[in-house]
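Below sits a lone chain in structure tokens, taken as the form predicted on its own.
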């Protein structure tokens, strides 16, 4: 990946924006099924229409062009390509994405394709989903079909988006499809292992069908930010705790996913901590999971501030205790889990590149700001504008400090279906008055547009110098 190219982009996912849930041969995904069950989605809505991007592709590409991005990250719906998850390929589904790629390239926008963004085909869930050891084989066949169709034009690929949410929300918390509330650690670790094998098979399929592909994997994390920036010991403690495995919540422990992918094996403490619950892990599995990658993809929405506290009076005198600041004391966006902590992107990039020695791309970063249209019918989302500028400032600071960051994608281009939350949370640069899908640019659209223009001009001048 050319270190001289910085990708300024925006990101979306298929189920959240496309609609067209049963058109032109598309099959049923786990999100189609999950959202159809009363009370699963907070506002009772679903993604059958969403932003109607399936029919409004040209409008969305026009928005991307006006925004000035040089890259667009989108996902492919497995069920558009292979409706039942395995078996016959649906050419009409591939043709839709082929047209999208062509239109992006005509407008000098580099496509970044995510192959799995949570919408597993429902028939594969009924065969066992992530508990099924055959799932990686089915994924490889799907990826092969996609890359054979698009690999002559698409060079940037992401296998899987946010494994922590796939397993943590989908299989443990029950707040995302398929809505499982698994308490058996053995089954949770099995699901994680099959997900990692699925990633490995996906990388192999990409490499086999696109020799010049750039491939990555996308996780999501809360950084641990040292409250005292001059305390080197505190920063080292933040780094160590960031990669620490949480015994009571392995699904949310990033190192359980990242170490096998980037380093070739699970952390040593994983084997000790879960000795009685380990799935079958063969040498061949680890080799499959540890495929060569070109970049680390990272999504960030919130982070935590940390400090070393003095021991309480009820304990013996001793070394200071690593402590995480109460998130409730920090500024928050319009959704409960998103604390506004722009320094987090700096430390995420620093920690992940230090441990895994690959370039990093921020594949998602965005703010939930539910500002509605004012009396002038415009959306003056000042907080989002400030959010974008502050987060990008820290991305650029990391670059200046020698951290190898290659891109920043704002989430999201459009207000969309925000999974179990429905349509109330708004992350988009463009407002949609659901169920009407008219596109209305927000003030933050102009903010990001101007920021991109300014930074691209600086990059161009830098190359001349």
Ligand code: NOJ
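Numbering follows the first chain given and starts at 1. Please read these numbers as outputs of a predicted model, since none were measured by experiment.
Form predicted in complex with ligand NOJ: not shown, discussed below.
Just one stretch in 370-378, 156-164, 351-359, 178-186 has heavy atoms within 4.5 Å of ligand NOJ in the model of the complex, so which one is it?
Contact-bearing stretch, as computed: 156-164.
Hey, in the model of the complex, does residue 434 get a heavy atom within 4.5 angstroms of ligand NOJ?
Close contact is absent here: in the model of the complex, residue 434 is far from ligand NOJ, nothing within 4.5 Å, heavy atoms only.
Partner proximity in the model of the complex: residue 364 to ligand NOJ, non-hydrogen atom cutoff 4.5 Å:
Residue 364 belongs to the contact set for ligand NOJ.
Could you tell me if residue 419 has a non-hydrogen atom within 4.5 Å of ligand NOJ in the model of the complex?
Yes.
Report yes if any heavy atom of residue 194 sits within 4.5 Å of a heavy atom of ligand NOJ in the model of the complex; otherwise report no.
Although ligand NOJ is absent here, residue 194 would stay clear of it in the model of the complex, with no heavy atoms inside 4.5 Å.
Exactly one of 291, 90, 110, 299 has a non-hydrogen atom within 4.5 Å of ligand NOJ in the model of the complex; which residue is it?
So the residue touching ligand NOJ in the model of the complex, by this definition, is 299.
Could you spot which one of 138, 262, 118, 74 gets a heavy atom to within 4.5 Å of ligand NOJ in the model of the complex?
Spelling it out, the residue with a heavy atom inside the cut-off is 118.
Taking ligand NOJ in the model of the complex, which residues of 333-349 have any heavy atom within 4.5 Å of it?
The stretch touches the partner through 337 alone.
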